[in-house]
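Have a look below at one chain only, the form predicted on its own, in structure tokens format.
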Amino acid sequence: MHHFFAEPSGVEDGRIRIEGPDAEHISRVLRIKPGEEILVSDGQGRDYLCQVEELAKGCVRVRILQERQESGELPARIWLFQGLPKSDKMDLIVQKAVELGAFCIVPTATRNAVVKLDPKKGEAKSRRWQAIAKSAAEQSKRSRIPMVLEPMPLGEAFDLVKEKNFHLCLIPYEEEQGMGSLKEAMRQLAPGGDVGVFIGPEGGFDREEIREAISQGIRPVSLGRRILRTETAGLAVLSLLMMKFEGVF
């Protein structure tokens, strides 16, 4: 079943109005006809099974058949602070992080990052990544579209964690020994809070950045005996968090 997002203001009196590019996609690309059923989310956690009633230029109107009770969201807000990677790796990271349940993705500039984005390029990249997040949220039946913030320095990311009073923050580090720290952190996870995951770029974090993270209450953890690429490490942690919050272990 096709899945789309609508503005909360478009939900009214048992009907939903879908406008803009999504409306054009429904009518011109997918060629959905009146009477067909689609899934619509308002971006604030509500999902609706709907039936298409009317297709007009730039607007599709649907009737709500039922509100779905099961949300596609995790019971905690997971923030992925991703060190800026080379090439187009960030496209893949954003897409898969959304599928795994991330609440927000924060591209982060670190000392060892090869990529250096100026403000103009950073803004353009963020728009692209946000579009990827929306598409991935539709594909994976998310109830919300995760935010992709504009790139920020690591110090500002630490400030954001302090400002929002995160419940727990993890920073995988190749020099951390044993899996005990990760097991202990997983035991402390609880629904309802903000959880941060800090992932270094291809060059990893330097020791001073790790010391600063620890001083901010961020916990270094090991992801095992193998060194994971930057595009793998975050997804590995997100997979563990998803299974933990969904009751697999």
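If you're wondering where the values come from, they're calculated on a predicted model, not measured in any experiment. A residue's number is simply how far along the shown sequence it sits, counting from 1.
Here the subject shifts to the form predicted in complex with a small molecule, a form of this protein not shown in this document.
> Taking the small molecule as it sits in the model of the complex, is E174 in contact with it (heavy atom to heavy atom, 4.5 Å or less)?
E174: yes, in contact with the small molecule in the model of the complex.
> Does the small molecule come within 4.5 Å of any heavy atom of L235 in the model of the complex?
No - in the model of the complex, heavy atoms of L235 and the small molecule never come within 4.5 Å of each other.
> Even though the partner isn't displayed, in the model of the complex is E202 close enough to the small molecule, meaning a heavy atom within 4.5 Å?
E202: yes, in contact with the small molecule in the model of the complex.
> Given that the small molecule is not shown alongside this chain, does V221 nevertheless sit within 4.5 Å of it in the model of the complex, heavy atom to heavy atom?
V221: yes, in contact with the small molecule in the model of the complex.
> Taking the partner as it appears in the model of the complex, which of 194-202, 33-41, 61-69, 48-56 has residues with heavy atoms within 4.5 Å of the small molecule?
Heavy-atom contact with the partner occurs in 194-202.
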